[in-house]
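Quick setup: one chain, the form predicted alone, written in structure tokens, and binding and motion questions come after.
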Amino acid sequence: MEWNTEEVLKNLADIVGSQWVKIESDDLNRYGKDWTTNLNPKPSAVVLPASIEETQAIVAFANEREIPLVPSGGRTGLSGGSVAENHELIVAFDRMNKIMGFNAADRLVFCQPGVVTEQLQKFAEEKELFYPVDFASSGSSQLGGNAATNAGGIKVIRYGMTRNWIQGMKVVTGEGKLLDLNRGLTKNATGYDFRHLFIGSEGTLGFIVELTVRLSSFPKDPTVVLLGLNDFAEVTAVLNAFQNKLNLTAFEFFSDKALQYVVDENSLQMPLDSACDFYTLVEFENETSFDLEIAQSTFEYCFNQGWVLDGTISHSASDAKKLWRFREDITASISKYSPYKNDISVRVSMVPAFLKELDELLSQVYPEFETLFFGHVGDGNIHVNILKPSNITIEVFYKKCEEVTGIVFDLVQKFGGSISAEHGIGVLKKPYLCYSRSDEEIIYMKAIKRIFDPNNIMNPGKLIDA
């Protein structure tokens, strides 16, 4: 669809200023893609509003002309949700990046959508408070995108997803109408809460233009236990043992293969003396003088049960940070191998059986691929990373991995899980939405989109077909 005529571009320039309408190839490539590597951005133009009013004007104008719009935040997505492949107009929120206010009594922060996650985390620390949503892309992801995909991360077991921290939001619908949703209220029993429709909607209903975010008390002395296991089947028993005794803030896992890449890439020492096939990282609040003793006695109990082979515990913040590196540095350490990623979840109790069956299936069908498993086992979220062999091209690799995806999602469906735990559906996973959503649910989703976006201009082709 060709729409970027001189007249249209002039109208957009009248709204935001000519310097904020970009058509140069470098800008189109920069704003037109996210962290997915197998999609080719082909936007027609980029526009950067600085206010709600400018965003409304852009959407109203696009609605009149039926110009397709794609939201662009930190562009850290992994499902192609913010990739513009079909000559769309990109609406980038980089200029709407201010923390506009803070209410100490309510512990509420009022943010524009372009505020970077880490920016809010640091602001909370300055107020001696805590924003708990945290993940590898915190230094570049934006709050609007976090809400649009309901981002999760490493603290979900204690603090939940982004959804749990959005106390209110303003959105511009596909018709250019402004809705002020929930207005920061804690209790509001007045019917449908449209706020939760827009959280996780991936920009398909409208644009998030302001967020009211709740903060929490800072966790007291987060302490880390790193444990080695030889049988992943015991992981839920270890989780239950620690969860029954301590206030956990994280429970992560990674395979020995994943750990080895971190150790080799960063010239680190192995964290434990014993060689183990799997590792779990347990973080808890060291709230009382007895918590450290409880953690040590729980480890001894798990050791005596034969569930764990070895372990170590942090005794300072720097110790904890060093142990976290073994989990957090996995993504960066394997990036040069062009990993094909899948982000899936099942119920926590099913994780060991699911992972065992998945590992056996992939080893049997694609023995030439090295697969790494890691993730947030405390909330059932598993990251499957397939590394590209050096002897095949990236095109051949991705084609084979698409076949792998079908096999993986068949198994996810068998276990009643989700094909996307925290990265959204976007365009890459849209053909597989039926693996996690029933036909009836998808019909209702399409009907909701038609109400908020009758001309199908809001991120068309993503999540669902109109």
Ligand code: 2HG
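If you're wondering where the values come from, they're calculated on a predicted model, not measured in any experiment. For every residue, the number given is its place in the sequence shown, counted from 1.
There is also a form predicted in complex with ligand 2HG; it is not shown, and the following applies to it.
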I'd like to know if Lys341 sits close to ligand 2HG in the model of the complex, meaning any non-hydrogen atom pair within 4.5 angstroms.
yes
Even though ligand 2HG is not shown here, does Thr331 get within 4.5 Å of it in the model of the complex, heavy atoms only?
yes
Can you tell me if Thr280 lies within 4.5 angstroms of ligand 2HG in the model of the complex, counting non-hydrogen atoms only?
no
Report yes if any heavy atom of Gln112 sits within 4.5 Å of a heavy atom of ligand 2HG in the model of the complex; otherwise report no.
no
Residue within 4.5 Å of ligand 2HG in the model of the complex by heavy atom, from Thr204, Thr223, Asn385, Ser141, is Asn385
Answer key, ligand 2HG contact in the model of the complex at 4.5 Å (heavy atoms) among Arg327, Arg195, Lys155, Arg75: the residue is Arg327
Can you check 115-123, 206-214, 370-378, 83-91 and let me know which stretch has heavy atoms within 4.5 Å of ligand 2HG in the model of the complex?
370-378
Residues in 404-428 with any heavy atom within 4.5 Å of ligand 2HG in the model of the complex:
Glu422, His423
